[in-house]
Each structure stands twice: as C-alpha cells, then as structure tokens.
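The chain that follows stands alone, in the form predicted on its own, written as structure tokens.
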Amino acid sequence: MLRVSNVCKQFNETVVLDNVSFSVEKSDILGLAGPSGGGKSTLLRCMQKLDTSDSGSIECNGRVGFMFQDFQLFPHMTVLENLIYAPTLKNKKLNHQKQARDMLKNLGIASKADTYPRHLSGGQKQRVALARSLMIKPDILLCDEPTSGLDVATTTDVVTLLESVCEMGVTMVIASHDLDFLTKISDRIILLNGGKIVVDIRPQELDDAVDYLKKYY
C-alpha cells in the first residue's frame, strides 16, 4: 500500500531523514513517534508531496489525504464550505453538499455545518479537519499530531474517530509525540530520532510499550 525506500532529506546542514525505509500494508495504522525535530512531520510532508526528498523513493498505491496539525480550516468559510471546497474544484458538476452533510453527521457535528471555524472548540475543529480529509475518499490518510492541544477526553474521542476511519478500509500513518495515544491506536509504531528509525515495534506485543519507547527519546 505504501513503501518508503531509503529516503533522505536535509535542510542546509541538518539531516532530517537519514536513509529511512519501511512499508505499510492496507488498512494498517502506523504510528510515527519521536522527539521534536526527529523527522516525523517532514516524512509525512514528503509522502504527501508537500516536500521532496533528496534521495530515495516513496510509493503510494491510492489517493492520499492529509490532516494538518493546525487544521488549516479556511476562516472565511463555514464548516460546510470548508468541506466542499476542494471536491468542487476537482468536479464542479457534482453537488458535494449531501456527502459533506453525511460526513458531518457521522462525526457528530451535523449542527455545525453553517458555523465558522472561530466559533468551534478544538475538538470540533479536529472533527471538521478529519471530515474534510475524508471528502476526497482517501485510500491513505496522513495525520500530523492529531491530538495536539486537546484534553484527555477529546483525545479519547479522536482515538474512536480514527478507529472508525480504519474500519472504512483507510490506511493511516499518524505522527505524534503522544506515546499513550499512539500505543492505543497503532498496529505498529516506528520511532524516529535524528532522522533514523531507532525502533519498529507492535505495541500489543509489549507489556508496557510507552516505557519501552521512552528509552529511545
């Protein structure tokens, strides 16, 4: 489904990704862990072609969606308008409103369709960002720090939401510094430090995956 082969990337003299290789199977959830500056977000951006790697290759079989850490909702558009903006650009002949309203209903925020982002809570913005990513019907969803700034209760909601996305058959790669969150949701966790993969584990196989991962920070 997704294959990363010998990917390298540096900014000026700083090596951000150093010969990174791994693959992800269909419908798996891969967690990308590691300290700030470890290469997580850069790797996601290379997967989405927002950045280009200096060498190596990234092969994605299917449509890729991206959920940004800061949501990047258009402030001058309502929730509904945010959802239908990109699909409408690609195909103006289709009416995307029903799909968008159904998506909002499935995520529990149907009542927010005509609301502007500034009137939403952090958790509601997160759901809108997820809904917008799903509007393109991605085969692979890339999530950059999806629980950043959220409280424990909302983080639990995000786990449930992403698990429901996985049940739709969507493969996911989730970058996060939140090890508790990653061990709850991921089938497999890769930890990047200094641009290198230093851990590649299945958290279910360890008694305390969080403590194990912390040793490599």
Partner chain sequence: MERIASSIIYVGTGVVITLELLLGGMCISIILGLLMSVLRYNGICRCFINAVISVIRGTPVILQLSFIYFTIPGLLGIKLTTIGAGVIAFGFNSSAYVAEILRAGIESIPKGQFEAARTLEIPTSHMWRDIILPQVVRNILPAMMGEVIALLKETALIATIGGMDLMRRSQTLAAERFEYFMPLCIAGAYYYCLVLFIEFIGRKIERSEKYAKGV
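Numbering follows the first chain given and starts at 1. Computed from a prediction, not measured in an experiment: that's the story for all the values here.
Keep in mind that the form predicted together with the partner chain is not shown, yet the notes after this line are about it.
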Pick from Val159, Cys166, Ile58, Val64: which residue has any heavy atom within 4.5 angstroms of the partner chain in the predicted bound form?
Val64
Can you work out whether the partner chain is within 4.5 angstroms of a heavy atom in all three of Leu206, Lys214 and Tyr217 in the predicted bound form?
no
Of 95 to 103, 76 to 84, 120 to 128, 143 to 151, the segment with heavy atoms within 4.5 Å of the partner chain in the predicted bound form is residues 76 to 84
Can any non-hydrogen atom of Ala113 be found within 4.5 angstroms of the partner chain in the predicted bound form?
no
According to a 4.5 angstroms non-hydrogen atom cut-off, is Leu107 in contact with the partner chain in the predicted bound form?
no
I'd like to know if Arg45 sits close to the partner chain in the predicted bound form, meaning any non-hydrogen atom pair within 4.5 angstroms.
yes
In the predicted bound form, Lys26 touching the partner chain (heavy atom, 4.5 Å)
no
Within 4.5 Å of the partner chain in the predicted bound form, counting any non-hydrogen atom, which residues from 6 to 29 show up?
none
